[in-house]
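Next up is one chain by itself, shown in structure tokens, the form predicted on its own.
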């Protein structure tokens, strides 16, 4: 498929507002594309499979330089236009049609673009930055003006089509007439929508059913929801629970085969950074297995803070020196593959497998039948210096990438942040005269950056008193949108912190809930974006 044809179809997808319409358009694109796997990744802004930690390592400045070089203009001018338009793709298209030269052929193919970008990703060493710029510029010069828009976005991983993994899953099923549940499972075990699309096209349901996990190819970890002691067994939907200690560590997926490889929650290969973990794993098991685990920093007096784990994980050089400084423990809590995938087995059977596969690196867990048993395990975990416990349904399968109700995390108390209120929205219906939701912001070095909105947890009585208070702080209005002077701090509970392009901090609170007003805190004493980044990194590490 020519890349300019892909770009035209991408523009049609972008123009559609409904999920069903987008799915139909992507399905048509997949049917017509000869390079089905490449297209299935490109529409999501992926150049490489999700399991592949190959990175382009190309930032906005390098793209601006390449666009400028291809279009015969100045990089500062490209950057200025991007600041105005907010979209490097739009600027790349403009430079192609209105610059000193016009971008060229329409013979560029999606396979050719992928091959060129892989070459750019593999470039390293002295002069590699300049080489990347020239190779990118060549790509832009070979692109039509229309396709330059989506090429620029693709390079930065920002396609802006409103197409995620779920859309591609449904589109694959529709395009090739296959069972969507088989497509979903295929994506779980391969972690590659491109491969699944190709298999669905060529082999249908039968071939999809044969897809399995492979050693050395990491899959997304299964995730957990938060719960409380009051609702725990109801949320779990089971009479018994597997209760495991929740460590203040980093999530680790361990692949043991011809060689042992370690992968982070975000699927980064950490093998070279953690040689002592490799040694411990290889001492404890000789089977071909994929294990789910946490790695914890330890000192003479017990567990060390999560930041010490990060020091080990992020170390690329002088690894042995850091190994001597910060020791690590491994706690394996699940098995995904035992000479074949076992994720469809219930957790109770996987625990039995795990007891046969590992011994010294197995994490602590117990089966309990009431809340007292859960609390006893939690007290033991806290007394040992750990975070709390995970509570799991013994009958549950392992579902990569899923955050269902089968795994629950139970911490000592709800997680909260103290955040400045910088805006809001007028309510609807009977709440139309009240401020119905409040925009929350975290402190930065020179102001505030937004992290979400909160409306849940505010009673009608509190709604009235808050509206009266905030009316005095309005500095601007635009329709229902309100801007407040940052003078009030809310304490807000949340389930987790997620990456988000919607808010200026780059992060968003999942399920935020109003706890109260912190009248004892000034906005300059509210929590910072730096703290949110740290909390996000910690949750990324433990993955639960």
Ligand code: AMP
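Computed from a prediction, not measured in an experiment: that's the story for all the values here. Residue numbers count along the first chain shown, from 1.
One more form of this protein exists, namely the form predicted together with ligand AMP; it is left out here, but the text below deals with it.
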query: Distance check, residue 245 to ligand AMP in the predicted bound form, heavy atom within 4.5 Å; finding: yes
query: Distance check, residue 176 to ligand AMP in the predicted bound form, heavy atom within 4.5 Å; finding: no
query: Heavy atom of residue 392 within 4.5 Å of ligand AMP in the predicted bound form; finding: yes
query: Ligand AMP contact at residue 185 in the predicted bound form, heavy atom, 4.5 Å; finding: no
query: Partner-proximal stretch of 140-148, 298-306, 206-214, 402-410 relative to ligand AMP in the predicted bound form, 4.5 angstroms, heavy atom; finding: 402-410
query: In the predicted bound form, the residue from 251, 81, 312, 132 that sits within 4.5 Å of ligand AMP by heavy atoms; finding: 251
query: Residue among 261, 351, 265, 443 with a heavy atom within 4.5 Å of ligand AMP in the predicted bound form; finding: 265
query: Those residues of 277-296 which, in the predicted bound form, come within 4.5 Å of ligand AMP by heavy atom; finding: 294
